[in-house]
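Just one chain is shown here, as structure tokens, and it is the form predicted alone.
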Amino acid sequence: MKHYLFVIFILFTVKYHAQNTTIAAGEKLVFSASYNMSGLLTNIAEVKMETSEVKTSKSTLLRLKCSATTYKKWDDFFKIRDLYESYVNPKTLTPYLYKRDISEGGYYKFMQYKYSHKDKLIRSLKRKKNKDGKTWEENKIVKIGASSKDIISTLYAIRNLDIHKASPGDQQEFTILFDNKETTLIVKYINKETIDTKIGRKACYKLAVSLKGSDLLKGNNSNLIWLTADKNKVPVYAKFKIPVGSGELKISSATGLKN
């Protein structure tokens, strides 16, 4: 269960090249997350993706917030209270600050990145709790590639890609930064497919994802995401398979869309 939310976010992650014409402040997407328990897909958590405007002394940023919370009836089994945030340039989605604050079944970790894009590095802060409840911190300076970004800023950037120009079978490698390490993600365009969702019947772009050199994502084309084939490119459905099981993510509602 420890990698459950990481896999969900990977399913929404690709590299970004375009100007932001899709994401605006005030958007809110709500999902139900299910996990295969004893052969049955069971809804265990709610995932929210929200955007808001944040003004600083020097500029106005866009706050990208992703949270995951188990439904109360599952809290005694495996309580999840996770929060991921990225503060980005609203025009380019270039991140300046990233925070990850997770609490999963007694496991706690806080991560923070402060970006220095000019120097191609981040200043990283890690905070964890030992088994005895004591907290310790670790500060690092980590060199990153020119295209490396945290998982949340790339999470939203996918929706600005010109996916309509892709042909079935096209694939490309992308770089994400997670726990101070760069990971290569392979994204393959499968086809267009129309599916039924809680927000209506939608024509979608169907993508398959995998991680190079990792067995976290299992199977060939077993980890998939469907994005609406319109100007908003809303993620409406995802399915994944990992070493400890499989699951799905289904959209419940979408409000405040830009287009």
Partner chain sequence: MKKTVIILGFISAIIALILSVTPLYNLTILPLVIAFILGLVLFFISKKDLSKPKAIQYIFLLVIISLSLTIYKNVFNTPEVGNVEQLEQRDEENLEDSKEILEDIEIDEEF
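Just so it is clear, the model here is predicted, and its values are computed rather than measured. Numbering follows the first chain given and starts at 1.
The discussion below concerns the form predicted in complex with its partner chain, not included here.
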**Study point:** Whether S222, K241 and E248 all lie within 4.5 angstroms of its partner chain in the model of the complex by heavy atom
**Key:** no
Review point. Is K114 a contact residue for its partner chain in the model of the complex, using a 4.5 Å heavy atom cut-off?
Key: yes
Review point. Is T197 one of the residues lying within 4.5 Å of its partner chain in the model of the complex, judged by heavy atom distances?
Key: no
Point to revise | R81, heavy atom within 4.5 angstroms of its partner chain in the model of the complex | key: yes
Review point. With a 4.5 Å heavy atom cut-off, would you call Y96 a contact of its partner chain in the model of the complex?
Key: yes
Review point. Only one of A166, L161, L185, I102 has a non-hydrogen atom within 4.5 angstroms of its partner chain in the model of the complex; which is it?
Key: I102
Review point. Quick one: of K181, K131, K91, K143, which gets a non-hydrogen atom within 4.5 angstroms of its partner chain in the model of the complex?
Key: K91
Exercise for review: Tell me, please, which stretch of 186-194, 203-211, 65-73, 228-236 lies within 4.5 angstroms of its partner chain in the model of the complex when heavy atoms are compared?
Suggested key: 65-73
